[in-house]
Structure formats: structure tokens, C-alpha cells
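The chain below stands alone, shown as C-alpha cells; this is the form predicted on its own.
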């Protein structure tokens, strides 16, 4: 029997075998988990729990196979047809083949399992996941990459253009760009702008970035939209300014898409694979767009941080407001505040509360201050500084006493010394926002040891069809008699 055909049932499966497997559940890293002869398999491709599938086993590590989906032999009850033609290759929406209800259920179960396995003595109540009414076209920002080494999909005909791609990196292949024609989670106008950009670049013979040679004019296409305002920003990131080539290109793109509110060119000559600006030119409009969130109007530039899913961000603000339980005269510390989005929304809703936001990135603090002024918010101020140093200053009495502390830390979680500093401030309540439940469990356990109990957990689905989960944890002091 050939090594690349159906594995013989008398021996254990091995790398290279094509086998039948049963899809069982959703994995927190974006895979569908399956099983072959009792051995777990992480299935790459659009399938769903309950499906019977044929997979090619790629490799095995720590008792688990990686497997590439070849065919769905029998559909289970949670199977749904993916909307995007790139699903299964792109990797961005790895759960498109799973019904949305099953996605929400799985994410809820992941968090409940993380709490059950945590070191928390008292397990908090987990509220039902807040999903979306329409889990499509929700992203208000997309960053597409130009590349001279294009990933060719299995279904494409021979002879397609292989030295120009505009889309997203294939998972695990930093050197290859998957040419994207549509994205079912990007805002609706993004696809047309993307495809026109590709067509014009090819017509005008503009060379894409070669990641191995570190050269090429076109690097990134970043598109952003104000969900509430309808305003659209296009950011074309290039290696050099080259106005003699870029200006005619920009004019043609704007003529084809009058819906574009503003267009800028970011110049980035370094080798890093991010849409970074060393300098920029405004090609059309003001260089910024506006978005409205929880009654606040925010000015958004090409490089501003802003919540990617505006409708769910509205729910996030409401969950935080309820968890914080702010009272008249309260002082709220907003730690790791970024551009102040959450703190400003809370300050706008409760003008009798004082908000102090702290962030290490100076540009983000400048954005927060500008947005506070533009919204006429006088009860919020923002400071640049390391959170550990700020908490130390607060403990020494150089800052007002915090009644409530809002914590939205980096994905890796809190610095090991920060929980003790937070507990020492003795606020009435703390609210921890996290997109990494496993890191959050460690932080919550440390705070519990220091006298704080996690009383409630609210989950939100900010990124449907992906494994990401947003959590809002409410913490209160443990009574002395307990």
C-alpha cells in the first residue's frame, strides 16, 4: 500500500497518510480538532464539528497530528458553507465553515474550561456570550500587503500571475502573499478598492515589495472606514515617495472610487513587515476620518489605534460601564488606556466622574487629549508614563485616590509586580479587560491571593469566525470575614 494513500488500519497513522477522520470541536488556536484512531488531529481547512472528513497528515508533535483537509465526506449539523472563496487558505477566518451559534458556544466553553482549570479558589459566574446580529463585514480596518512572491491556490489555472500579489500573508509563510479578491469580514467597500488598486498597479507597472530582496515601491494598502460616519481612508504605504509614479496612480484610484474621503501615502524604507510610516503625504482630503462610538466622535488617522469592530465596541463600553458601577464624584484610573477610547466614552456618559488615563505611547496620549478636547470632555485627562511607576506614585499620594480601576493590559497580561500595586491602592472595584483568557487567569489568581475576588465575567465576540474572545472581568474586595 502506498504511503500516501489510506492508512492501513493495522498500523498507527503516520505523516503523509491520507485518512478519514471525525471532526469533533473547535480549537482555541483556530483549528478544528478531530481524531484518527484515537489520536488527536488539528485540521487545517473549512470543516465543522460533526463532519466526517478526509485529511492528509502533515506532521506529529506531542501526540497530536496536524492535518490538511482534503474533502468533507459527510456534513455534520454545524457545517455551513464559507462565504469567502479564500477560506481554508487565508487562515484569517478559520471558523467560516462552522455555524455562528456553534462558534459562540465553543468560545463560551473555552472560557469556562479556563476558569475551571485556573488557580482561582472561587470560580466566577460567566455571563452568556454577546454575539453579533450579523457577523459579516464587521472589520472597519484592513491591512493588505503587496508582494512579488504570490501564493498560488490549488484551484487556480496554470500560468496565472505569480510575481504580483495584493492580499494577506499565508499562515506560516512570511514570504508569500495570498492574492485576495474579497474579504467577508472587511467593510463592504474594501473589496472594490482592493481590486481596483491591484488592477491599476499592474496597468501602471508599479513594482510590489520583494520581502527577500527588501526592495519594491508598493508595500501596503490600508483601508479604514468610519462605521457610523461612512467616511473612508486609504493609506498607500510605499518604499519611496516617488510622486511621479504615485500621484497618477492615486488620481486614478480616486476617480474610480469617489467614496474615498481621504487618501495618504506613507513612506517606509525599512525592512519590517508592518504598515509603518517614517513620513507621509496627504494625497486627498484631510488625512483623517471620524468615527462615533458611545456618543463620542473620534478622529482616526492611518496609524491611530481604534477598536476594529465598532458595533461590538459599543457593547464593550456598555459592559465596562455596568461592571465599573461608577458613582458621582468617583475617580477612575484607566490603565493602558491607548488613545483613551474606553475612558473617554465613560467620561462622556458620566460627567460627574473624573477619569485619569495612563499610557506609555506618547502619540496615543496625544490622540486621547485631542479627542477629549474635540468632544468637549473636561473630566478626563491623560498622562504618558509606565503603569508600574504611575501606580507607585499613586501609592505615595501624588495622585488622587482611585475609586475604580479599569485595566486593559497588553495581550501577555500584567507585569508580575502590578497586581500587588493595584491591590495596595484599595479601590472599590476593578475591571479587567482581556483578549487573552489564559493570561488573565494568572492575573486574576494573583489578585485573588491579594484579597480580590472575580465576581462576574462577560464575554463578547469581537471577531466572529476567528478564535479570539474578549472578556470583561469584574473584581471586588473579599470581605474581611471571608
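Positions refer to the first chain, counted from 1. If you're wondering where the values come from, they're calculated on a predicted model, not measured in any experiment.
Not on display, but discussed next: the form predicted together with a small molecule.
field: is_contact(residue 397, the small molecule) in the predicted complex, heavy atom dist at most 4.5 Å
entry: Residue 397: no, not in contact with the small molecule in the predicted complex.
field: Contact of residue 386 with the small molecule in the predicted complex (heavy atom, 4.5 Å)
entry: The answer is yes: residue 386 has a heavy atom within 4.5 Å of the small molecule.
- request: Give a yes/no on whether residue 132 approaches the small molecule to within 4.5 Å in the predicted complex, heavy atoms considered.
  value: Because no heavy atom of residue 132 falls inside 4.5 Å of the small molecule in the predicted complex, the answer is no.
query: Can you check whether residue 196 is within 4.5 Å of the small molecule in the predicted complex, heavy atom basis?
result: So residue 196 does not count as contacting the small molecule.
task: Go through 405-413, 215-223, 161-169, 101-109 and give me the stretch that gets within 4.5 Å of the small molecule in the predicted complex, heavy atoms only.
output: Within 4.5 Å of the partner lies stretch 405-413.
- prompt: in the predicted complex, do 307, 337 and 359 all put a heavy atom within 4.5 Å of the small molecule?
  reply: Contact check passed for all of 307, 337 and 359.
- prompt: Of the options 332, 177, 302, 342, which one has a non-hydrogen atom that comes within 4.5 Å of the small molecule in the predicted complex?
  reply: Checking each option against the small molecule in the predicted complex, the one that comes within 4.5 Å is 342.
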